[in-house]
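Presented below, as structure tokens, is a lone chain in the form predicted on its own.
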Amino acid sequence: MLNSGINVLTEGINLQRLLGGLLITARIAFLAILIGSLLGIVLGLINTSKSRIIRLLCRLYLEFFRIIPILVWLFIVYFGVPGLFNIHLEGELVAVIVFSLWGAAEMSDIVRGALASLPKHQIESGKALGLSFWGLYRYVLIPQAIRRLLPGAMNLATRMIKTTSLVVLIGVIDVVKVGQQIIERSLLKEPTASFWIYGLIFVLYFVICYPLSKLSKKLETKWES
């Protein structure tokens, strides 16, 4: 029976350990989303430059993260960089760095797309009112672009939260790693331990990501109408 092993969730401090692992997952995701969003907004504004060289560099930065899997980036920074510079990097720090850089790359493209989609007469009207370059962005372009980029930014945040499960491969004791440890210890006496542990991890990720997904779709529908 499937319910014969559900007690593995509450046995000892298993539930407490899983929630502790979830806290690490949430901390990595929160820092990466925060840093990635701030960097991405700056890069997105730079990406609207008229300079072809600047736009090319921004495009190359974005493509590096789209073409190369995030797992490879994690391995490069966790195993490659310390050997190259003779330094030690904690797995959690590596995860924050890689996910922040990935988030910045994707966020910059979202910001660039939102600004590029604004009607050109908005820019001309701002210039006609005598607004400076920064005034044009501050009072006209950015307030309108925020509405257009928020759904995409929330989708990106959801993807980043889900992808944090990869950090287990560089030794970070997140919720997935804690789950694996509990399963390995309990598997002989509770054959269904993996079902309950991974089932709970599924529920935890769903509880975090589903509200963001729903809010993103709601905003998209509201602002398109």
Partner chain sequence: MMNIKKFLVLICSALFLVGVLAGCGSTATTKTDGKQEEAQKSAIEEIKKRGTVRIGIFGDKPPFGFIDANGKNQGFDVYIAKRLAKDLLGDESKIQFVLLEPASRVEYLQTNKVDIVLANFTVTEERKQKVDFANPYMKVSLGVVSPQSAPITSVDQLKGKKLIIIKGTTAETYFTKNHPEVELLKFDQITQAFEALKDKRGVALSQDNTLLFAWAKENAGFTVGIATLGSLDTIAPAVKQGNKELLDWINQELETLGKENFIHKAYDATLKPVYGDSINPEDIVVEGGKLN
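Residue numbers count along the first chain shown, from 1. Small disclaimer: the values here were computed from a predicted structure and weren't measured.
The same protein has a further form, the form predicted in complex with the partner chain, not shown here; the description that follows concerns it.
J.: Can you tell me whether residue 14 touches the partner chain? I mean in the predicted complex, with a 4.5 angstroms heavy atom cut-off.
T.: Looking in the predicted complex, residue contacts with the partner chain include residue 14, since a heavy atom lies within 4.5 Å.
J.: Residue 116 versus the partner chain, in the predicted complex: is there a non-hydrogen atom within 4.5 Å?
T.: So residue 116 does not count as contacting the partner chain.
J.: Is there a heavy atom of residue 168 no more than 4.5 Å from a heavy atom of the partner chain in the predicted complex?
T.: Close contact exists here: in the predicted complex, residue 168 approaches the partner chain to within 4.5 Å, heavy atoms only.
J.: Hey, in the predicted complex, does residue 63 get a heavy atom within 4.5 angstroms of the partner chain?
T.: No - in the predicted complex, heavy atoms of residue 63 and the partner chain never come within 4.5 Å of each other.
J.: Work out which of the listed stretches, 118-126, 137-145, 88-96, 102-110, brings a heavy atom within 4.5 angstroms of the partner chain in the predicted complex.
T.: Going by heavy atoms within 4.5 Å, the stretch is 88-96.
J.: I have 19, 46 and 217 flagged as a candidate spot, so tell me whether each of them has a non-hydrogen atom within 4.5 Å of the partner chain in the predicted complex.
T.: Spot residues vs the partner chain: no contact at all.
J.: So which residues in 167-186, when you check the partner chain in the predicted complex, have a heavy atom no farther than 4.5 Å from it?
T.: Read in sequence order, the residues that approach the partner chain (within 4.5 Å, in the predicted complex) are 168, 169, 170, 171, 173, 177, 180, 181, 184, 185.
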